[in-house]
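Shown below, as C-alpha cells, is a lone chain in the form predicted alone; questions about how it binds or moves come after it.
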C-alpha cells in the first residue's frame, strides 16, 4: 500500500495545478492519470480570457495568438462588432500547456502515474479502487477528483447530467482572410444555446467548432454545411478533427463527500454560456488548497466542507445568472435572434458590450442592460415576462 497525504485523480490542468500547490507546500502528493499521454486528444477550443495571467500565467511558447474582440453573427448575419484596445483573450496550445502544468507539479515533488485508471474510492479509508488487479494499492488522507466530466467518483456522488457535445476542425484557408485579433461567434436556433465559433491562429488558419445538445455526427454535419455555405471558409482544407464533451453546470452538485473533494469538469465547474472552465477551475483549486492544508494540519476532514461553501459564495450567483442566459437563448427562434441583433444595433449595444462585456463574467453587462431598459426591449415580451423575476433578481 502506497500512502500519500493527497492523491489527485486526473492529470488535467486543474488537477495538476492543485498538485503543484500541495507539493510546493511540502505534502506527499500523487497524481493518477488513466491516459498514457497528457492532454491528448485535444478537447478544447483553446481560447482563454486574459484573467488567466493573474491565476496561472501561460508561458509565451504556448501562446499562439492574442485577440481583442469578436464579431457576433445572427442567423441572417446581422453582425455586432465588440472590441477593446487591449488583449481580451489568448489562443493557446492546450496540449503543450497541459504538459507544462503537469511538469511543474512533478518539479515541485508530485509523483505522476500514467495509465492508472481509477474506478472508485473508499471514502472512510481513503483507499483508491483501480480498474485492474496487480497495480499498486494507493491510499490518501484526502482524495481530489479532477478526472473530468465522466469521472466515476463524481458520478457515484452526484446525479449524472447529459453533457453538451462539441466538434472542432483545424482549418487552413486558401487566402489570408482572417482578422487575427477577432473571433467570430454564430448563433442559430438549431444548436442553441450552443453556437459556432471561429478562433484565428493566424491570417490563414483557425479553429472552427460547434457545441450543442446533439450527437457528434449531427454537429459534424452542421459544421461541414456551415463551412461550405460561408464564403470565408468555403475554400479551405481540414487539417485535423476533434470532438469532446462539455459538462453542464448544476447548482445541485455536491463538491465534497467525506475525504473526497471534486474539482474542474468533474464538478461541472464550467461557464454555462460558453462551456469554458479553466479560470473557474484554477480559482477553485486555490480555494481547495487552503482548505485541504487546514484539514491536514488539524487532522479534521470535516473542514473540507468549507471548500464547497466558499465556492458557492464566490461563483454560484454568477453561474446561476449564466444558466438564465442559457435558458433564454434556448427559447429564442432564429427570427427572434435576428430581431434581437437588429435592436441591439440600433441601441448602440456594440459600445455597451465593448465597455461592460467580459467573456468570463456576464453579470456586469446584464445588470447594465437591465438598468438601461435594453433587455426588456430586445426580448420577445412573452419570454421577458416569463423570465423577468430572474433577471430582476440579478
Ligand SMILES: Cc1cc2nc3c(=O)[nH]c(=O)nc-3n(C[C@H](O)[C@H](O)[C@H](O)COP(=O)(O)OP(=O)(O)OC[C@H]3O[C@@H](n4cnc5c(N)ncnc54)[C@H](O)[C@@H]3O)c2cc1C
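Positions refer to the first chain, counted from 1. Not measured: the values here are computed from a predicted model.
Missing here is the form predicted in complex with this ligand; even so, the following discussion is about that form.
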| query | finding |
| --- | --- |
| Candidate spot 152, 166 and 276, all three touching this ligand in the model of the complex (heavy atom, 4.5 Å) | yes |
| Partner-contacting position among 256, 296, 118, 227 - heavy atom within 4.5 Å of this ligand in the model of the complex | 118 |
| Proximity to this ligand in the model of the complex, single hit among 35, 330, 51, 347 (heavy atom within 4.5 Å) | 35 |
| Candidate stretches 143 to 151, 188 to 196, 75 to 83, 318 to 326 - the one whose heavy atoms come within 4.5 Å of this ligand in the model of the complex | 143 to 151 |
| Non-hydrogen atom contact residue 127 with this ligand in the model of the complex at 4.5 angstroms | no |
| Contact flag, residue 29 vs this ligand in the model of the complex, heavy atom cut 4.5 Å | no |
| Partner contact for residue 362 in the model of the complex: this ligand, 4.5 angstroms, heavy atom | no |
| is_contact(residue 65, this ligand) in the model of the complex, heavy atom dist at most 4.5 Å | no |
| Contact set, 1 to 30 vs this ligand in the model of the complex - heavy atom within 4.5 angstroms | 9, 10, 11, 12, 13, 14, 15 |
